[in-house]
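In the form predicted on its own, a lone chain appears below as structure tokens.
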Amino acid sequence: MDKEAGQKEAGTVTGIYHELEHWNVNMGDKTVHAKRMPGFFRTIKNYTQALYLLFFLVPYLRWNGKQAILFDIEHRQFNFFSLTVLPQDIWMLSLLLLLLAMALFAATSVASRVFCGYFCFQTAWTDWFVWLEDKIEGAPHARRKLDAAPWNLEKIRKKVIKHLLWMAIALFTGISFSIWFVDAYWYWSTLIRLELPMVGWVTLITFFFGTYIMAGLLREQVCMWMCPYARIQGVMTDSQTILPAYDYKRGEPRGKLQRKTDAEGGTAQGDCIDCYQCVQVCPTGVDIRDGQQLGCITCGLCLDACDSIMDKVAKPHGLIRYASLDELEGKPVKKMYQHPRTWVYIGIILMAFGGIVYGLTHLGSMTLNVISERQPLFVRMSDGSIQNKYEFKVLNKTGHDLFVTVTAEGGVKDQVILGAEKPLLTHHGRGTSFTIFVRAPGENIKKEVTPIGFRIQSVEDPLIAAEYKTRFNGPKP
């Protein structure tokens, strides 16, 4: 038994090493010139990547004379049309990050690296750069021929045009990123006059070179060796996860179109005609027929390529298809709703989304926080009245300064508010502090602690108001 187990283990290890040796991993010593082929998944990829037009265009939207969406770091606030989110509401950002992370994990557990294939900015920018390269230098075979050719005027012309266009996109990317954090029109006028502050130049230059190098020069090497998501995705997938997969049983043994049957002394050929179209369209240069690999970004372009060939040879689609490993091996396949982890992800996503919605709908235009004096709790005046001191902290979330009035509900009979006889000024976009005193006749104080509620209300707009409940301290009766 031990001998059989040892032989089995040795065979398994040998199989693993053989599989690793068979993989065609691009270590960066050559450029992957992927072929562009129309198809269903290419169309989806084009549409999802078109969403990045919002990245370039949204900062130019205006709302009430200001930029509609602005992450205003200088003034420590986030403007979203008429909504202003200040640092005190930063907990909603934590919920948003949690929601996005759980959505990514859920998508990965169900469909592997579908985010990489259709939504990742590295994938999108690289695809645009390669599209330009294809238009300027020609199809993949022409590009490889041009790379191998000696330098001449024609090669220099094409290379210069290509790299200048890449640089233009990289520059515009840096500008577009920057104007999410400062006013777009101010940024352009300052940039044209070459008067950007130091942080502006550093950001622009960093994004310029980062985009140019990663999307134009490194390309798939970023996905394979630099992206941490490619490394951790393995712990979020299992044999039930659907991903681009080659149907080995149907496709092997592969070979050209000429068929041989067992009766003719040969072996029946599988459906794979070994055309290498699936490899030629892969943006990372992997051969999906060798099994799941680190370079596969789940873009589905190999499915389009294979289906087009199956049409030509009059065979059904699906030789390469989105499928789980269990499905390919003929094992029972669970529905998505049968996975416990899917419900865990959905539950966390719904809770985070509910918290964000609650926070946004309960922001208010003004918040009030009242801190009562602790040392001493109260002061007895010369006329026998009792006075409490309160520190008011008002956060004005509107876009302009407001005058507010202060009133009190509850408390002690015949109490008087001191320090707010006239409307008080609150500054927009930040907190304003002022001191308020409440004085009440000593004979009217019946309890050591009496509940009291303060209300501030805008003079300009009575709908803008805030309340806070605290207590009035007095001596023991």
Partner chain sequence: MSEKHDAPGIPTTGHVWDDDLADLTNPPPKWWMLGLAASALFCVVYFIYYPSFPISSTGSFTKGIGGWTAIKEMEADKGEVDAVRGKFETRLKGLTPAAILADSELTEYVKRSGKVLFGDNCAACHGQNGIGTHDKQGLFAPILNDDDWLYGGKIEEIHASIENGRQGMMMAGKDMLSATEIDTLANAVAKGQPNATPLFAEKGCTGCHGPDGKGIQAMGSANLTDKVWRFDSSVEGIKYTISYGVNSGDPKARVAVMPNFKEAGKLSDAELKKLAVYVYKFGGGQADAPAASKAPEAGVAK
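As the structure is a computational prediction, the values presented were derived from the model and not from experiment. Numbering follows the first chain given and starts at 1.
As for the form predicted in complex with the partner chain, it is not shown, yet the points below apply to it.
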Thinking of the partner chain in the predicted complex, which stretch from 58-66, 431-439, 44-52, 448-456 has heavy atoms inside 4.5 Å of it? 431-439
Report the residue, out of 365, 280, 387, 293, that has at least one non-hydrogen atom within 4.5 angstroms of the partner chain in the predicted complex. 387
Between the options 154, 391, 329, 274, which residue brings a heavy atom to within 4.5 Å of the partner chain in the predicted complex? 391
Heavy atom of residue 316 within 4.5 Å of the partner chain in the predicted complex: no
How about residue 253 - does it come within 4.5 Å of the partner chain in the predicted complex, if we only consider non-hydrogen atoms? no
Would residue 247 show up as a contact with the partner chain in the predicted complex if we use heavy atoms at 4.5 Å? no
Would residue 231 count as a contact of the partner chain in the predicted complex, using a 4.5 angstroms cut-off between non-hydrogen atoms? no
Residues within 4.5 Å of the partner chain in the predicted complex, restricted to 360-379 and counted by heavy atom: 373, 375, 376, 379
